[in-house]
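To begin, one chain is listed below as structure tokens, in the form predicted alone.
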């Protein structure tokens, strides 16, 4: 009997838009686990890791980075057609990243303040997440993503199931780990009550307030948190800065950032 041909491995593509590459590096940082990933998947397109760049279609596509140019939008439309599963990874791809701060100011004025010849720029006036332009199958939060969650997404894709990702707040993570509340104990402003867990409560474990790296939780009660932040001395400017970081493009955080921005006389 002829030997049956081995079943082809699912093809994986890792795509970069406007980003710092940190989430792609999280995949490379998997080290020993990466060997298992490479054994189970055909890494067809991953310029950060290999010069072997194969065309689609792809079984799984990971997209890092925000949409900041018209070319990005066109590329995404093609990727969606070529991808069976399309998963966004990181704050840039899920909410526009820290570059979404441009959404709250006059883009022409910003461009003139930075570039001598802004007329040569080919950028959109806003930075946005991928899901605002095309349907995505799953979103993986974080700045950068947590590598265990990244592996869970890939394993789930291989087995044809939905990934098991936490959706509760950082506060619950602190309770589970026995971490003392930094706001109650030390008067430190913290976004833990409104932020989705994913980091293992990293900052509170070192007596620092949560910076909101994993974006809003499922029910982010930012208005309820406001008087708590004020009670520990946080001004409107302080609160605007707290929300004006990695996930400022997420509606719950962006709205609170906007209303807290200092008025320029």
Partner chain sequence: MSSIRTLSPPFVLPRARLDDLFERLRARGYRVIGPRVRDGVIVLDTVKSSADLPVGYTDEHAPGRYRLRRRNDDAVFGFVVGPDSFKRTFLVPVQRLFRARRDGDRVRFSPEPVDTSKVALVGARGCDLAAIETQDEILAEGAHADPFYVARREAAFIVAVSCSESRSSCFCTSFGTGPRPTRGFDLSLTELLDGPHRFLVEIGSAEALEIATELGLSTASEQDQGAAAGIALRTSRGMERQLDTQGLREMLLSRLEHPHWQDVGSRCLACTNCTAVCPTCFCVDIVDKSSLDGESHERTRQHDSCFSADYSAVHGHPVRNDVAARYRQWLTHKLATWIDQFGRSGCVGCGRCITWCPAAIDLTREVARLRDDVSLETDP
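Residue numbers count along the first chain shown, from 1. Source: prediction; values computed, not measured.
Not pictured, yet referred to below: the form predicted in complex with the partner chain.
The partner is absent here, but in the predicted complex a heavy atom of 180, alone among 114, 180, 71, 78, sits within 4.5 Å of the partner chain. This chain is drawn without the partner chain; in the predicted complex, the residue among 101, 124, 131, 158 with a heavy atom within 4.5 Å of it is 158. Contact with the partner chain in the predicted complex holds for none of 9, 52 and 63, as no heavy atom of theirs lies within 4.5 Å. Segments offered: 42 to 50, 208 to 216, 222 to 230, 63 to 71. Contacting the partner chain in the predicted complex at heavy atom distances within 4.5 Å is 222 to 230.
When the partner chain is considered in the predicted complex, residue 83 lies well away from it, no heavy atom lying within 4.5 Å. The partner chain is not drawn, but in the predicted complex it has no heavy atom within 4.5 Å of residue 108. In the predicted complex, the partner chain stays beyond 4.5 Å of every heavy atom belonging to residue 140.
Within this chain, residue 199 is remote from the site of the partner chain in the predicted complex, having no heavy atom within 4.5 Å. In the predicted complex, 184, 185, 186, 187, 193 are the residues of 184 to 200 with at least one heavy atom within 4.5 Å of the partner chain, listed from first to last.
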